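One chain is shown next in structure tokens, namely the form predicted on its own.
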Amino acid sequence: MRGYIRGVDALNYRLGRVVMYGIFVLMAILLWSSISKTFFLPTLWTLEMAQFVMVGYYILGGPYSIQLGANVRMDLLYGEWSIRRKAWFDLTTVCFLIFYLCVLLYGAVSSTAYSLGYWKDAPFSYLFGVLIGTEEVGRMERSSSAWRPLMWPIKAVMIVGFFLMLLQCISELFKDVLRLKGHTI
């Protein structure tokens, strides 16, 4: 368990430290949007690209936020509890979060498969087949805006983000189990 915790925490910590600078990318896109609308012809791509960067920023920053405990908690009661009671409560709630993330991950995989032109009922095997080259990509989904970017890249980012959040939640579950056993983390 400790090896898993160390590996996942290290991965999500490093990724989170890189992704946190995505706010500057977002600011640059929005600054360019403002400048181009004021002094030049407005660009079509800025609003949608800002939305894509924001999705990546939040989704890929989620595991780092979970790791740091930066999520919202009701500290009215929680703050006064013992470490053991907090571990029991966190163990229970992280199980619900793991279920929720599994549902989100399934939805992200289905949506990504759809955006690559797959309309059947086995999105995981289809995406695996695309990765290894046994499946073909169909008619790719595009945004309905005037810019019309492909949708699969941002949906793939969502798969990665939800998967990493799931891994981080399992790490938090293991930490709670170790706390209940009396180990220090």
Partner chain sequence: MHFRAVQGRAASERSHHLMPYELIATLMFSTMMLMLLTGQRVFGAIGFVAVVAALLLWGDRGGYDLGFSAAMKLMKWYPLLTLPMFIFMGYVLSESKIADDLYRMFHVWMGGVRGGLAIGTIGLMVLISAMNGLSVAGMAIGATIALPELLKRGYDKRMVTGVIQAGSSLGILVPPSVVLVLYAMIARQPVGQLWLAGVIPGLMMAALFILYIALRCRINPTLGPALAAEERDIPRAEKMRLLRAGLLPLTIFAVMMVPFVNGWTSLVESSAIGALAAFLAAVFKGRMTREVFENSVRNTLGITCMFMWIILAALAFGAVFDGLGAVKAIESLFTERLNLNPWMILILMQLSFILMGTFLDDTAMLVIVAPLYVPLVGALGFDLIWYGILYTITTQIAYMTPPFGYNLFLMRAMAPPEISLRDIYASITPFVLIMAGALALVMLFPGLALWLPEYVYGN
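It should be emphasised that the depicted structure is a prediction, and the values quoted were computed from it without experimental measurement. Residue numbers count along the first chain shown, from 1.
The same protein also has a form predicted in complex with the partner chain, omitted here; what follows describes it.
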item	value
Partner contact for residue 170 in the model of the complex: the partner chain, 4.5 angstroms, heavy atom	no
Residue 83, heavy atom within 4.5 angstroms of the partner chain in the model of the complex	no
Any non-hydrogen atom of residue 58 within 4.5 angstroms of the partner chain in the model of the complex	yes
Any non-hydrogen atom of residue 158 within 4.5 angstroms of the partner chain in the model of the complex	yes
Residues of stretch 99 to 136 in contact with the partner chain in the model of the complex (4.5 Å, non-hydrogen atom)	99, 100, 101, 103, 104, 106, 107, 108, 110, 111
